[in-house]
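Single chain ahead, written as structure tokens, the form predicted alone.
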């Protein structure tokens, strides 16, 4: 029986295993050193915050794996030998394979900061990181202050987690405004204000200089590079992005860049070895997407795609229109299509921005300056329907059409405030247009041909 071995039990690897099992009777083995069973990585923060227990993050019962004939091995893979089609584990065990899927995920970036390996310095990617956080910052008596370095999604999540236990947090962000390499200025400013309202000591335009340790090798302070200010702290969170977890492959002969190089079929330079999820790097970026995408849903899609290929239906990875969602403390964020920051804006890209005068609610719409074609939308504090925006992007609707029919896309429950009329009124004022919002139509929403 053909042996399929998957290294990594995150969303990409487990999705591949599940779909291979649906499509075939191949022998499937998943190897991971992180946890016994698959869990939802995006839910880690809620375990620390007391909203759920760790076992609640596991989508499948423990019996699921045996019932579906998916073998689980807990261990570290030290070497991959593509010529012999053999894996070597840290404990000396050797695992043969016919086809190999690398789904090893990513690890927190470290930029050579002095003291970055001291006790109490950590990232927030793995279950081990969650365990470390419980030890390093169980409460505000053990951890009187924490410092979080890096202004992205994981950074703000870690700040929220620490504040849930009333631990004072200093948040060091090298950009002049939070995440302004991704968000347009108006949105970035809204999040700056929101962070400060949550009593987080936000330091914009600053860099970590050094992490200082005590005589026991435990963190006791950091220095800010620009000012020389010393901040006493008992925990430092390094959240300045992630990098593919591929060190163990350096002498394997598998082609590497920043990640594991793959084509559109997710194949490496060895025809029976594939890479999916955070560790995979496309030879050529797909559209405006980055060659490496450390995003939950793209990992899932890659797992489904590679399963088809391994089971005889060779399938190209086609992620479709860009979308994503996140939460900045209390503010929900969604993005559909492409809305670039001022730093990365295309020359033809024009923005319309609306912000509520009192609430933390705003949108930014991107459209083509010459043709008026809708390019993308960011929303903060308003939930939208993914399938509606996906259709509008596919059909290349105009910005005017999108705003006229914006009520179709609103996903917020009944009795929530509606903002479409305010949004369209400002758009008309800004652009000299005279469009009017149309009533929500379930016929349009549910009709794929609409």
Ligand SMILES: Cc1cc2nc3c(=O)[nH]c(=O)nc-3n(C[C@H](O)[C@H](O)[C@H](O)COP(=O)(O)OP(=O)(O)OC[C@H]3O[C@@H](n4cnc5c(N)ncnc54)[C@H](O)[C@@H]3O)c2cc1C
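Given the structure is predicted, the values throughout are model-derived calculations rather than measurements. Residue numbers count along the first chain shown, from 1.
Not pictured, yet referred to below: the form predicted together with the named molecule.
Site status: open, since the named molecule, placed here by C-alpha superposition from its pose in the model of the complex, has no atom within 2.4 Å of backbone or C-beta atoms. Residue 388 falls outside the set of residues with a heavy atom inside 4.5 Å of the named molecule in the model of the complex. The named molecule in the model of the complex comes within 4.5 Å of a heavy atom belonging to residue 104. Not displayed here, the named molecule is kept clear of residue 49 by more than 4.5 Å at the level of heavy atoms in the model of the complex.
Within this chain, residue 42 lines the site of the named molecule in the model of the complex, having a heavy atom no more than 4.5 Å away. Note that among 221 to 229, 76 to 84, 342 to 350, 304 to 312, the stretch whose heavy atoms approach the named molecule to within 4.5 Å in the model of the complex is 76 to 84. Taken together, 157, 245 and 295 are fully in contact with the named molecule in the model of the complex: each brings a heavy atom within 4.5 Å. For the candidate set 27, 404, 412, 34, a heavy atom within 4.5 Å of the named molecule in the model of the complex is found for exactly one residue, namely 34. Exactly one listed residue, out of 208, 200, 167, 125, brings a non-hydrogen atom to within 4.5 Å of the named molecule in the model of the complex: 125. Residues of 1 to 30 placing a heavy atom within 4.5 Å of the named molecule in the model of the complex, in sequence order: 7, 8, 9, 10, 11, 12, 13.
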